[in-house]
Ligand SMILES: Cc1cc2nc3c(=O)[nH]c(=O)nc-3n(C[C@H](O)[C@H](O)[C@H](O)COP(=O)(O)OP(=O)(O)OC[C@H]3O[C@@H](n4cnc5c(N)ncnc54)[C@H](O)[C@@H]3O)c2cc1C
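To begin, one chain is listed below as structure tokens, in the form predicted on its own.
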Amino acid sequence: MAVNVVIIGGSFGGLTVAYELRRHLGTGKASITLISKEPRFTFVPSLPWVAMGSRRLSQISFDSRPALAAKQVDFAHETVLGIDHEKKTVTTGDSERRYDFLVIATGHRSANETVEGLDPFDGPAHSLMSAPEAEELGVALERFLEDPGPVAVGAAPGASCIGPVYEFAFELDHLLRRRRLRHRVPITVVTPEPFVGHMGMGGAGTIRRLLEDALDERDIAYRTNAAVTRITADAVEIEGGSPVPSVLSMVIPPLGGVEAVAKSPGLSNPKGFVPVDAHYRHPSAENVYAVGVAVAMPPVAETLVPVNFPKTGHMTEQMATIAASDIAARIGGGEGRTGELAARCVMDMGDRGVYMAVDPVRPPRNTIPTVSEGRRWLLAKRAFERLYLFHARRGRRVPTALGW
């Protein structure tokens, strides 16, 4: 009888687990169902480009149902309401599904309530943590260009997704210079990091000096160890410091686990994230796995203002590959491999890009981190976006040393 595997979430983690499981297991060995409230896959690293107007959402997303069907993976367009790991059931608004193995790849909930004014749809701040938020920021940016003023770009205490902060600051600087408006727009980066380029992983080789020089070169001011406490229509307020004037504020929030997981007894920590072992298995809930942003990860070190461990699409795919190999191995009576997470990513700096590679993510590291700057990396980032989407919509993974 086929084993029943249920995957919750249809982004990088969910798709990768589905593709990898089907590669390991024939249709006779496993029935695979992916549940997602979103039928479309979105290439999240390109959301800053959506906000800047150089991409439309339709260009960086696709309907994932045909790709999953090609791999004989069932798709359920449903919203998960709860998980009972003792009964091994997942409850949605439409059904109750039983599983033999469960993979939680639900992503995050933006904890906008931690800072007054942080919610993009209720407060004056803007964000890049989802497709609707990127589009909302794009509309706000169009209005801003008609009547420009000071800008604050940053992250709230406890944020883990720091890369888009720097990308948006550099991309905005580049856009304003092309429009001959840069002289009218003071830009300030406000970050909880202890130093520029920390990014929740303790820095990476020479990235700190590279980013400091790049910010200074572009007349972009920056404040580190900054705890954002409130965002208003004309300022970002900082604990213990003077407010940063801003009529356009893009602030990345801290993240929490999604409600369905957080409210399911025995699955998550107080923030809603799922504890896992080296195989990405839950330590006590039988046959439950978690990958991606849903996973509980301690910070690399304590900092004056909290900065959490980063979780990129590249790292999520590594987690998903390890989890899928373990599920397949356990179905066959064995155990899958494990491995330390590495990080490879390319940052858009407007007129060029920066490539960073660290192995492992947590210092100390086996190799000296690679940091390389040049226009070729911006071109590589654009090419990889197209390559990834081309293969993913056809039900294939994209083996790459580039990462994102």
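Start at 1 and count along the sequence shown; that's the residue number. Computed from a predicted model, the values in this text were never measured in an experiment.
Another form, the form predicted in complex with the named molecule, is not on view; read the next lines as being about it.
Only one listed stretch (333-341, 25-33, 366-374, 42-50) carries heavy atoms within 4.5 Å of the named molecule in the model of the complex, and that stretch is 42-50. Contact annotation: residue 37 falls within 4.5 Å of the named molecule in the model of the complex, judged by heavy atom distances. The shortest heavy atom separation between residue 154 and the named molecule in the model of the complex exceeds 4.5 Å. The closest heavy atom approach of residue 164 to the named molecule in the model of the complex falls within 4.5 Å.
Taking the partner from the other structure, the named molecule in the model of the complex has no heavy atom within 4.5 Å of any heavy atom of residue 188.
A heavy atom within 4.5 Å of the named molecule in the model of the complex is found for exactly one of 313, 275, 243, 202: 313. Of the candidates 115, 258, 73, 176, 258 is the one whose heavy atoms come within 4.5 Å of the named molecule in the model of the complex; the others do not. For the stretch 73-109, the set of residues having any non-hydrogen atom within 4.5 angstroms of the named molecule in the model of the complex comprises 78, 79, 80, 105, 106, 107, 108, in sequence order.
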